[in-house]
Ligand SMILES: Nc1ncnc2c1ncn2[C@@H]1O[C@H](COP(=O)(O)OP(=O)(O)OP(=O)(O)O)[C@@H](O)[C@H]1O
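To begin, one chain is listed below as structure tokens, in the form predicted on its own.
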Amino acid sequence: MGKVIAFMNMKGGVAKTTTAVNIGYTLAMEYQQKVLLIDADPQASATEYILENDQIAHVMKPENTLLALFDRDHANEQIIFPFTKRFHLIPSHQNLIYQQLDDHPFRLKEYIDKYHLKETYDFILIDCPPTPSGYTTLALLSSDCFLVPSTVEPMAIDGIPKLLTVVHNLKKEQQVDKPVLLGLLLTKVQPHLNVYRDTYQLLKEWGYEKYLFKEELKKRTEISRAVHTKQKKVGNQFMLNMKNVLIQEEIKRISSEFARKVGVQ
């Protein structure tokens, strides 16, 4: 039985999409897991990260995206795009912003259950927008657990208690016991900086040390440039495919730890 994991943070620019996409791709290509990534952000950052421009033009029709869950009575498996044999995508669409998602908070969960996706996939990853909204509610109520990627700076971690409160209140309101916190993954890390040491100490003082991933995503220029058109044409937007061996090994370790925490490996 696969697990559904939401990637979320209430602050943008914390490498949330980068980690969701690259953990999913690495689990599929390096560890032979069957992975579905759902782009639940109307900005479609994960969709644009994964697909080349010509693929986006072909795939991003409303009936082929997450939008179909709301624009039609019954979305089918047509909205799942097989990017590779083991790594699949449900693209987002900008018109999601016009949907009254609060009226259908369980629509995504119902879709996952209807098509037995947890039996089909080892991991279903949901990339969420960086603000509390109907999209995050949709994702959370579909998930078994959630991961919080965060940069190591005070403004980023200040949002963690607020996010946990949002999740707690949602579970109480809907009378559900999921999702649970999977962990905190530190991103864009520069260990030599004082702000890293100070912020890490603050996380420990807040009692979050037990949730911290052992592995961290270091800040590297190659990663920030990954979605350039030239890189995407040869598949080098994915960390696993980059020429830098340190980056390759880092995402393998992060993905392996992620799988162990989820309990699938």
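Residue numbers here begin at 1 and follow the sequence given. This structure is a prediction, so every number in the text was calculated from the model and none was measured.
Unshown form predicted in complex with the ligand; subsequent notes refer to it.
Enquirer: Taking 144, 176 and 260 as a possible spot, do all three reach the ligand in the model of the complex with a heavy atom inside 4.5 Å?
Expert: Spot residues vs the ligand: no contact at all.
Enquirer: Which pick from 204, 58, 197, 218 sits with a heavy atom within 4.5 Å of the ligand in the model of the complex?
Expert: Comparing distances to the ligand in the model of the complex, the residue within 4.5 Å is 218.
Enquirer: Which residue, 29, 223, 51, 68, has a heavy atom that falls within 4.5 Å of the ligand in the model of the complex?
Expert: Here the answer is residue option 223.
Enquirer: Within 4.5 Å, heavy atoms only, one stretch in 39-47, 60-68, 230-238, 204-212 touches the ligand in the model of the complex. Which?
Expert: That would be stretch 39-47.
Enquirer: Is residue 15 near the ligand? Define near as a heavy atom within 4.5 Å, in the model of the complex.
Expert: Residue-level check for residue 15: yes, a contact with the ligand.
Enquirer: With the partner left out here, check for me: in the model of the complex, does some heavy atom of residue 188 sit within 4.5 Å of the ligand?
Expert: Although the ligand is absent here, residue 188 would touch it in the model of the complex, with heavy atoms inside 4.5 Å.
Enquirer: Spell out, yes or no, whether the shortest heavy atom distance between residue 132 and the ligand in the model of the complex is within 4.5 Å.
Expert: Residue 132: no, not in contact with the ligand in the model of the complex.
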